[in-house]
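The chain below stands alone, shown as structure tokens; this is the form predicted alone.
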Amino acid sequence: MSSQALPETFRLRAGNFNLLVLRLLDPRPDAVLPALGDQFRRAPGFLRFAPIVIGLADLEAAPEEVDFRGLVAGLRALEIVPVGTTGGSPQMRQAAIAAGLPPLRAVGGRDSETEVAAPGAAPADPAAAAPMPAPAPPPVAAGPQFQGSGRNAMLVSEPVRSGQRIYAEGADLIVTATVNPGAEVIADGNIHVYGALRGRAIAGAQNDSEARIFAMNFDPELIAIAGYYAVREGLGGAPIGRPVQVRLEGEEMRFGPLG
């Protein structure tokens, strides 16, 4: 028998990921899924094939009252990928495991209790923002960087096309052209768009609540700052088509003129 070592075929490494948590308030899939689908359709493609954790901490139902298999099937039909659960009683977690949803724990061993809301939900106050986790840095187009006032900045001088995603890690992002519908620009700092902002803009991606979004022509599909977001239908009295700056005040987005 040959003593030659077999070639290495895989490696295991620990990872740390930002995952959206869907905190169930109703145990019935036929109540949750239609509402969820309606909200997500307001932000097309925003959560397509996104991994999602099901939060059980707010459920008061008995474990046998939760149709986890139906919930999993319904989420997959919406092109959302349930990967596990967080919170809940041991009996509830066991019921979820039987449906293929293992319990997940946050880094450091604590159950994740981050409160989130479904995308697209229009808050009672049109300027209010709904919380979501900061997005994980995606594979993105690169651009030149320069030193600004206290923070690096990435400069993008070409239009950001539909389906394209630009991420300025640890930096501000400056776009001197248009961000088209279906495009996404993300920055750990501020976002400046000197053309039209018609796609999605996510500033303060690492939970910087002081970050702002500036646009000379404000007409976005979605905006977010430090994990709080609003979709087009929730912008209320924001001056669409005008020069605008967006900032957070507590958990609400404020829209002000530029200049």
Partner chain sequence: MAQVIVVTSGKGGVGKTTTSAAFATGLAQSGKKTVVIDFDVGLRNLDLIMGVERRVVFDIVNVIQGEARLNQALIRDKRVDTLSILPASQTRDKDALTKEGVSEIIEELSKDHDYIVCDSPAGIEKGALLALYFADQAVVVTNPEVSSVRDSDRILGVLQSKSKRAEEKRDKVKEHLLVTRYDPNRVERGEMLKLEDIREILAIPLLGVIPENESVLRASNTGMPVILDAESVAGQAYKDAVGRFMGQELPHRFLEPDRKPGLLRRLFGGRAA
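Values in this document were obtained by computation on a predicted structure and should not be read as measured data. Residue numbers count along the first chain shown, from 1.
We do not show the form predicted in complex with the partner chain, though everything after this point is about it.
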item	value
Contact at Arg212, Glu251 and Arg254 by the partner chain in the predicted bound form, all three, heavy atom at most 4.5 Å	no
Interface residue in the predicted bound form among Ser162, Thr176, Asn152, Ser89, criterion: non-hydrogen atom within 4.5 angstroms of the partner chain	Ser162
Any non-hydrogen atom of Asp208 within 4.5 angstroms of the partner chain in the predicted bound form	no
Proximity of Pro181 to the partner chain in the predicted bound form, heavy atoms at 4.5 Å	yes
Contact flag, Arg232 vs the partner chain in the predicted bound form, heavy atom cut 4.5 Å	no
4.5 Å heavy atom contact, Glu79 to the partner chain in the predicted bound form	no
Partner-proximal stretch of 92-100, 167-175, 67-75, 152-160 relative to the partner chain in the predicted bound form, 4.5 angstroms, heavy atom	152-160
